[in-house]
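Listed next as structure tokens is one chain, alone, in the form predicted on its own.
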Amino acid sequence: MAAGSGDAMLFRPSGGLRGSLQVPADKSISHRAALIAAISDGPVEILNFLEAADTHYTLEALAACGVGVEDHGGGTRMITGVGLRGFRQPETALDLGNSGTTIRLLPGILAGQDGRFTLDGDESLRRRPMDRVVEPLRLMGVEIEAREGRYAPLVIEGGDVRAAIYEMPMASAQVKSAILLAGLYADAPTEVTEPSACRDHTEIMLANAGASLERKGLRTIIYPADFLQLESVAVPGDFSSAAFLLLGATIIPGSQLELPAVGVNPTRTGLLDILVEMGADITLEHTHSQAGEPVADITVQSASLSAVEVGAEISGRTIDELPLVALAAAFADGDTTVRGASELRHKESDRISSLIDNLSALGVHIEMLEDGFRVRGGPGILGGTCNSLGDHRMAMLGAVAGLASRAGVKVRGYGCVDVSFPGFREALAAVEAGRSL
């Protein structure tokens, strides 16, 4: 059970989590549906669009650039695209709030527009490095400026785009997506190679919109486009949101939980593989394809866990959920090591540092490694205080830790969960009471 005052929330130890819960729509797919619809010819209906702070910033930015955005209620949005090169220069800087997805993907589209566009955001976004997008776009001839060479605000002068062959130094779906989007406007095919597999929602949606691209292992080639035509998009439930409930039901005894219609794209579900290897009781049922994305009902029951070794080959498929691996490891038998997680240092916060600080404060034996961490399993969570540092995933981690703890966890800065999972506290309360939602 949770209790709060101001922007702090106390999560007390819970009994088993039971019932059926529909998780929010996928944030990554919602962003991409809106962005690719915006450069399509004609209207695109998006069903089950995520109603959250991050995605609303994307819609507001698109509207400021002349894209038609209509709210039809019930999570349905109608985006009237302006074609590949139809964006207009906004009167002021585009405020993207805390949305790292928007500020890293949108420059790929703006690269091919006429005009000058300034992208800015809140203090947290201004601290996040953007050079991993700036550098490859500059190689493609895009005029793009960044504060101190690597921070927002970004200023993009649209125009001619050159094709490039780019090998990414680290796996990042956002960087890959920016390059692929810019490749639509290039003078020849553009090739990008990722060091390990990361989410491919952009490739799937571009293909659905008629873009010509080839995928060969870790290499993707995109060809210049004359137009895109995206059909109606139905967004599945967000696996990254479901992950917190999956883990809670795994480590809290007496749990049995069903999460229907969740996206299970294999580039996103590394956590499933890790938890099952640790001994988790998780099954997928009624798997089907939805606009090229695999979707399934997920059922999870509480289980005993054993330690594992997590390497770089799976970290890219698990990047947003690796902090949950650390929490699972606290309840496992043995020591768990995670490597290949450098990308975590470039999220809403340095998630490795904040993870170490927060779990240590909750009584977990966790050690920082150069590109990851090591957790000594066994004792679980004693309790204490978790500071979100404005990071929605760290706030939700603290909430789940509180339910699984022996003495409760107070989450400071809890309000940032609205970035991806509005109503998370209410969802936890429902499954604590055995209700479906």
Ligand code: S3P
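Computed from a prediction, not measured in an experiment: that's the story for all the values here. We number the residues from 1 along the sequence you see.
Below: the form predicted in complex with ligand S3P, not depicted.
ask   = Out of the stretches listed (299 to 307, 185 to 193, 98 to 106, 248 to 256), which one is close to ligand S3P in the predicted bound form, meaning heavy atoms within 4.5 Å?
value = That would be 98 to 106.
request  = May I ask you to choose, among A173, I179, V295, V364, the residue with a heavy atom within 4.5 Å of ligand S3P in the predicted bound form?
outcome  = Of A173, I179, V295, V364, the residue with a heavy atom within 4.5 Å of ligand S3P in the predicted bound form is A173.
ask   = If you check V235, I319, L110, I222 against ligand S3P in the predicted bound form, which one has a heavy atom within 4.5 Å?
value = Contact with ligand S3P in the predicted bound form is made by I319 alone.
message = Would you classify S28 as touching ligand S3P in the predicted bound form, given a 4.5 Å non-hydrogen atom cut-off?
response = Close contact exists here: in the predicted bound form, S28 approaches ligand S3P to within 4.5 Å, heavy atoms only.
inquiry  = So, R132 and ligand S3P: in the predicted bound form, are they within 4.5 Å at any heavy atom pair?
reply    = Yes, R132 is a contact residue.
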